[in-house]
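What follows is a single chain, given as structure tokens, in the form predicted alone.
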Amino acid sequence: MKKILLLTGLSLFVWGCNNLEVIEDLSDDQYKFINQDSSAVNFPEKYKGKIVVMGFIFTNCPDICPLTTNNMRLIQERVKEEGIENVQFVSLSFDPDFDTPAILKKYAELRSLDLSNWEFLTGDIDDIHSLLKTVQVFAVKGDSSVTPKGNVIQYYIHTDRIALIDQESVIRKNHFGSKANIEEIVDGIKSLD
């Protein structure tokens, strides 16, 4: 009897760890963005066949976005340590008025991020809003501030999210970006690999 209970419990544990649900199928969607090098990116088509770890940020963010970006960096490092090669990291800015490709590139450089399999995307506000609506990420303009040089900085109230997207462009799991459980996300990537 103990053996049956142990096997049943183990089966449920293994099944639960690898059972990523279908949250949103993006495979028929097409969004036109540009990356930090000003190259055109058709999302999600460009990444079809790869596991995508996607965060939603803006570079002036004082709290959640730097934590999300750092967690994605930690996931990227773990994926490399584990020898998993079919993973693409994507950060989409929802502040295209400020987050130009040059700003996104500088943001990555200041954090010494490995861009060999990580792209920072921006683009037309309508395309960005369309994707955000589809994936249920909310970004609402909040307060603003002014720098000593007189530049206005806009802040956003937004969803804290890292999405795990499979090779067929289906979102399989949403995680908190700033409080991401690195181990859980890496296990999710392994289960899709």
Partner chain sequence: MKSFKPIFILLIASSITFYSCGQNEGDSKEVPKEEIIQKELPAGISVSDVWIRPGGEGMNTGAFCVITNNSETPDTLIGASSDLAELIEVHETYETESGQMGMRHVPAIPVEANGTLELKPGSYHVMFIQLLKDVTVGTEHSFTLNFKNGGAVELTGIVKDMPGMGMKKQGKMKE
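Numbering follows the first chain given and starts at 1. Just so you know, these numbers come straight off a predicted model, no measurement behind them. Between two forms, the rigid core is defined as the largest C-alpha subset superposing within 1.5 Å.
What comes next is about the form predicted in complex with the partner chain, which does not appear here.
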So, I64, K106 and F138: all three within 4.5 Å of the partner chain in the model of the complex by heavy atoms, or not?
yes
The one residue among S27, S130, N70, S39 placing a heavy atom within 4.5 Å of the partner chain in the model of the complex is N70
Is D160 near the partner chain? Define near as a heavy atom within 4.5 Å, in the model of the complex.
yes
Any of the heavy atoms of Y155 lying within 4.5 Å of the partner chain in the model of the complex?
yes
Taking heavy atoms and a 4.5 Å cut-off, does N60 contact the partner chain in the model of the complex?
yes
Is R111 part of the interface with the partner chain in the model of the complex - any heavy atom within 4.5 Å?
yes
Tell me which of 146 to 154, 47 to 55, 163 to 171, 27 to 35 has residues with heavy atoms within 4.5 angstroms of the partner chain in the model of the complex?
146 to 154
V152: after superposing the rigid core, is there a C-alpha shift of 2 Å or more between this form and the one not shown?
yes
